[in-house]
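Let's start with one chain on its own, the form predicted on its own, as structure tokens.
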């Protein structure tokens, strides 16, 4: 009886991890789509950014859910890794990890912590200044001071065009995100019970494409603004 309960509990923990992972992957696509607009049109990027930043549904509901999902996903992931290490019957001295699993699956904590460190930098660069401006200074207009132009595109360009070290950090972070997603994408589907001989190979290919193309898109945006705009 206790073994069965423990098994169900383990499955439940993995499902929670997978669900937050799905939500964060959807957010990555949405975030990439908006940021890619900065390459196509400054006005389009500004208008969409202002809509997202001023929309009460986004700010009052989706943003808190996103922050909770980020904190929960990483904290829960470290907890599950700790639980796995405690329950492992084979000692590290005898455990040949490379013979049983890929580097990505054996080092999800390392890649996850690297991504978490990047998120802290990203919050420092964009989210915290935005919150301080809107709720600290009460400026909800989104305009450059003294003008009628939105500030979002200018702020994005400034971070990359004049900060080569920051661009390098972003590139490294997105490479680590790619490594994290190479295992995490497929693992999320397995955790919710989606595992079949017919569709699993397709999921693997989709996961590989997602893990490469999405981080590559963010890297392209950073390099574009660094190279196109004068330093």
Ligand code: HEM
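Being a predicted model, the structure only gives us computed values, none of them experimental. Positions refer to the first chain, counted from 1.
Not on display, but discussed next: the form predicted together with this ligand.
Trainee: Which pick from 71, 119, 110, 78 sits with a heavy atom within 4.5 Å of this ligand in the predicted complex?
Mentor: For this set of options, the contacting one is 119.
Trainee: Are all three of 27, 31 and 115 close to this ligand in the predicted complex, meaning a heavy atom of each within 4.5 Å?
Mentor: Yes: 27, 31 and 115 each sit within 4.5 Å of this ligand in the predicted complex.
Trainee: Would residue 63 show up as a contact with this ligand in the predicted complex if we use heavy atoms at 4.5 Å?
Mentor: Flag for residue 63 set to yes.
Trainee: Indicate whether residue 222 is a 4.5 Å heavy atom neighbour of this ligand in the predicted complex.
Mentor: Residue 222: yes, in contact with this ligand in the predicted complex.
Trainee: Can any non-hydrogen atom of residue 187 be found within 4.5 angstroms of this ligand in the predicted complex?
Mentor: Residue-level check for residue 187: no, no contact with this ligand.
Trainee: Contact between residue 82 and this ligand in the predicted complex at 4.5 Å, heavy atoms?
Mentor: No, no contact at 4.5 Å.
Trainee: Could you run down 194 to 218 and flag each residue that has a heavy atom within 4.5 Å of this ligand in the predicted complex?
Mentor: Contacts from 194 to 218: just 218.
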